[in-house]
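Let's start with one chain on its own, the form predicted on its own, as structure tokens.
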């Protein structure tokens, strides 16, 4: 009886979240899927009947190239964020409380400024007449005619800058709870510093690492503003192409088809994490129930 009562309480607590998720995610996603199978109207609306021409049209090499570019740019930006966030989170968790608060403040301060203002600031910094370009030319690292803007490099740079705090915070939260005596024990047993870090610390903050990857990779997949402002024609991602089909071409079914590709790309890492967690819970025995 107690188990049934507990299950009923869990269902009641879940209902508001399920309603919210259904209203703002499941239903809109279903509408997008339906839209992709409707014909386009010459006047920018939705035609009558059903068709698979839009879905078949997604095999166009142009869209395949943009989808591949979106994936590898998001993967690369996520990898760079993780390479920077892991040592940063570790260092912040190890300093004194006073210095820790200061460092966390420096991580959070960019959130106090508008996202658009920060992206436009990078556009000014990377401008051909900007101080970074002048310094690099003076040092002989770039050619005077080279452009730091309107290429994939600038898109990746600004993406890393934008989402790096999202990677640092969950890693720091996990690192703060980590028992660092385990690293000391590994060192006493003969492990080198990096080996102890890799084999003891990183597995100990696995949940923080997974969270950091998801909160960086998923927004990067749908990024639209960054490539639109600092990227060029060869830096278009799926988000830019969807916006173009909606606001310029007024081809809503094609925009829906491209959105399906983006939705599947976003859901893939989430489903992979859920599958791993389910497999882990299946292998590990559940805790003993002491209630009668």
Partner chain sequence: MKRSRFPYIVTGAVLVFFYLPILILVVDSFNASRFGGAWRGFSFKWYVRLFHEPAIWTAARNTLFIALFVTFVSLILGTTSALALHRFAKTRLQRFHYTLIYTPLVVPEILMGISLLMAFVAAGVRLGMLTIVLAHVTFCISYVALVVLGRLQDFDFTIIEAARDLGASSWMATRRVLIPMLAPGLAAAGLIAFTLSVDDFVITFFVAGPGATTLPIRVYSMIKHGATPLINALSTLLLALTFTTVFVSQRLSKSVALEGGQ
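Numbering follows the first chain given and starts at 1. It should be emphasised that the depicted structure is a prediction, and the values quoted were computed from it without experimental measurement.
FYI, the form predicted in complex with its partner chain isn't displayed, but the following is about it.
K.L.:
Verify the flagged residues 22, 187 and 246 against its partner chain in the predicted bound form: is each one within 4.5 Å by a non-hydrogen atom?
P.N.:
Every residue of the candidate spot has a heavy atom within 4.5 Å of its partner chain in the predicted bound form.
K.L.:
Choose from 202-210, 136-144, 69-77, 105-113 the stretch whose residues reach within 4.5 Å of its partner chain in the predicted bound form, heavy atoms counted.
P.N.:
One stretch meets the cut-off, namely 105-113.
K.L.:
Considering 152, 173, 148, 91, which brings a non-hydrogen atom within 4.5 Å of its partner chain in the predicted bound form?
P.N.:
Of the candidates 152, 173, 148, 91, 91 is the one lying within 4.5 Å of its partner chain in the predicted bound form.
K.L.:
Residue 123 versus its partner chain, in the predicted bound form: is there a non-hydrogen atom within 4.5 Å?
P.N.:
Heavy-atom contact with its partner chain at 4.5 Å: present for residue 123.
K.L.:
Any chance residue 229 has a heavy atom within 4.5 Å of its partner chain in the predicted bound form?
P.N.:
Heavy-atom contact with its partner chain at 4.5 Å: present for residue 229.
K.L.:
Is residue 262 close to its partner chain in the predicted bound form, meaning a heavy atom pair under 4.5 Å apart or at it?
P.N.:
The answer is yes: residue 262 has a heavy atom within 4.5 Å of its partner chain.
K.L.:
Can you check whether residue 178 is within 4.5 Å of its partner chain in the predicted bound form, heavy atom basis?
P.N.:
No - in the predicted bound form, heavy atoms of residue 178 and its partner chain never come within 4.5 Å of each other.
K.L.:
Could you run down 244-259 and flag each residue that has a heavy atom within 4.5 Å of its partner chain in the predicted bound form?
P.N.:
Result: 246, 247, 250, 252, 253, 255, 256, 259.
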